[in-house]
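For this one, two forms of the same chain are given in structure tokens, first as structure 1 and then as structure 2.
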Structure 1
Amino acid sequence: MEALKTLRTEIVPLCINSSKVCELSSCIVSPSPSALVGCHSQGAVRAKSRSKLLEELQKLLPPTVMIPERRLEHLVEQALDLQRDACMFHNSLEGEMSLYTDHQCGKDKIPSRTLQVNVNGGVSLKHKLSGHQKPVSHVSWSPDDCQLLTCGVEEAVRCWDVSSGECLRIYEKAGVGLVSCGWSPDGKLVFAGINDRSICMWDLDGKELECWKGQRTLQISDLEIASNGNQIISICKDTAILLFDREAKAEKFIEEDHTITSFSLSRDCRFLLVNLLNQEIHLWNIEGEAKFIAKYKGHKRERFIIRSCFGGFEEAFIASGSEDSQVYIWHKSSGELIEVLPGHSGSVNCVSWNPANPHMLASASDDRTIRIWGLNKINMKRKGTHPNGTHYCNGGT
């Protein structure tokens, strides 16, 4: 304290050799021998120790005395984040957020216009994969998008090469029928639900590696493999979904009050979208303990399995088919129904939002067509010769 006093009141007012003064004050602040020894690095050490001291002080002092570093910047960023989250139609990366007005997107970035019906347009038929004798109930893309698994109901699972259309392998099991299929995230394992309620796992050469018996799946159930390939998700009971960790041999459940008809996993494997018999779609967080988060209503489901999916920029939206021939889109976090798309003339059984293009959606219907939906560019000045998508092409799947 005496040294400090001397420094302050006697030496500094002399205004000579200020660098020496700085040196002396840093010695008082952090009297470590190493700081005295290395003279060329002394500047850096001094600066570092000063800012480090400031940091330590900031942590100790309450914010009312000393405002945290970059507080204003943090507040502004927070405001922008909140505005973005509240924006129900936010579906692109490009929108710059301005500080002059609150951010609010228009609906123009949500796919709402039919771009194409069946094969007349930008998206074209690549292959027709023939081989299954029974209706195909499930389709699963390999993680590298080069192969496709398809499941014939109560029959077999086939693995196809996407570029050639060739059937690479058939997975089947004597005496039982396969009812669902899924890839492991590393692309090395193939899983299938069996009609005896068990789930089996094969390697890519067709060798059966494991079979989990018991009430793991149902005759009508989806199958997803999540996390690092360890979590197997399937409907195990009318009103429950089983999340089975095959490595830890642990089970956790999603229990619902009504019968579950189908489900869908988000790309980040954190959320599950569950379709119920009572025409509700429920969102569950499946990290740790499964937690119910939100419900989506409005679409119609009475007889069929209607599928829904996550989609859009950062999967901020939920899309679903409906028996009233329309595609329904909700904003995921608010639960608000934001678009209902007419166009199909039969029950829309499933939808798929393009994971690479947040402005494109596909839907499949009992009217035997697949529609591609995109942005509604009504603001374009040019009188468009856009194909209206009303040219139907009757074709099988």
Structure 2
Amino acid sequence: MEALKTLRTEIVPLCINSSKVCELSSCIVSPSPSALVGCHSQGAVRAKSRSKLLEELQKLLPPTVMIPERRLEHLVEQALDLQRDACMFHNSLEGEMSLYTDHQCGKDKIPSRTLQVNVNGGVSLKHKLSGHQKPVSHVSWSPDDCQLLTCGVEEAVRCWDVSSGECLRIYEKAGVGLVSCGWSPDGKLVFAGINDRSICMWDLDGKELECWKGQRTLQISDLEIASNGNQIISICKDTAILLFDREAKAEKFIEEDHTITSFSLSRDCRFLLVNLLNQEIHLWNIEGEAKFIAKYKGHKRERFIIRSCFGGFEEAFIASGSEDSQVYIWHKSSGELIEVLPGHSGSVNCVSWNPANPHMLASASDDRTIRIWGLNKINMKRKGTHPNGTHYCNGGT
């Protein structure tokens, strides 16, 4: 505005080079590439267009004076996000959302039909991994799926080559037994819980790099390493979970009122799912200070360790086994039970949701079967996502 005022009050009255004055006024009011010819000042280069000038003004002026850029677009996106989050059964990237009607998916987006039952002869034996002297209590796949860690009860951790079945190396510590195991996200480090309640770390050659003493883990305990490779998560007491930052040497705790039986870490490492002895599953946000988010109830657990998992599109669902031979599925945000899947004839001890296909779920039971669950209807196809041509979202081809 100062430039325009100077042009009007000081330059125009001189009555010289009127064409140049017109060019300058055009450059200020509505600059264009042609009008900018010859304008080499820093201010003129910065104001290449009216939209660029508005962007600069929006950074300076509060929203009450000038509406932020693309505000309407942001409001529309927020409205769509809220509708999607409120939809109990939203479980797919496919399908357009409209502002003309409220968005609502049906139950057909949740895996609820048995596609396959693997019994004793349903899978072929690839290798028999022999060497442990005691029962195996823990198994962990390497990030590239080429190696497998197995841990005997208070014994040693063995690393196996998946292709050959060969034992590549043994991780052990004199005078103590190992009770749990896990990999660093880059697959270059191995971690193990020890029966003296410490946690140790080795490189791939078996050299012990560090050992953290103290009450870090129980004798039989889950063990997870967050995606940054620094945070180690373990059950340190019957009613507490340790979140240990190995770089900062800092500790945080999740305290529960009832005995913890198992836990599961979300893929983005923001949430922890905690199974309790009192037949509840608790959801915690572990970013910063641990914060309790929600609880899930309805499944049965009296005698065995029952495991649960995150799953579905953007991990919007919680699934769990149950001693009543069924699989339970809840909506993560609302905590509402949305599906109960019968089919097994024994306690369902473990469930796993396919990380690449939100419409596929697996469950393992004491009836000695593994069930693969998919959609009731094969109603969505994606071209080019399967080596054989058409890929059906519920696992069929």
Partner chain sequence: MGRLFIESLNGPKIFKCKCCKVDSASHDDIISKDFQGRYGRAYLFKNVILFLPLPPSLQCVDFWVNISLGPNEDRHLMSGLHTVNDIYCSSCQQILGWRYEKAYEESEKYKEGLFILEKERMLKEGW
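Basically, rigid core = biggest C-alpha set you can superpose within 1.5 Å across the two forms. Please read these numbers as outputs of a predicted model, since none were measured by experiment. Structure 1 provides the reference sequence; residues are numbered from 1 along it.
Report the structure number, 1 or 2, for the form predicted in complex with its partner chain.
Here the form predicted in complex with its partner chain corresponds to structure 1.
Just checking, between structure 1 and structure 2 and with the core aligned, does S266 shift 2 Å or more at the CA?
Superposed on the core, S266 moves its C-alpha less than 2 Å between structure 1 and structure 2.
Once you line up the core, how about S164: does its CA shift reach 2 Å between structure 1 and structure 2?
Yes, the C-alpha moves 2 Å or more.
Taking the rigid core as the reference frame, is the Cα of Q104 displaced by 2 Å or more between structure 1 and structure 2?
It does not reach a 2 Å shift.
By how many angstrom does P68 shift at its CA between structure 1 and structure 2 when the core is held fixed?
Spelling it out: core superposed, C-alpha of P68 shifted, distance 4.0 Å.
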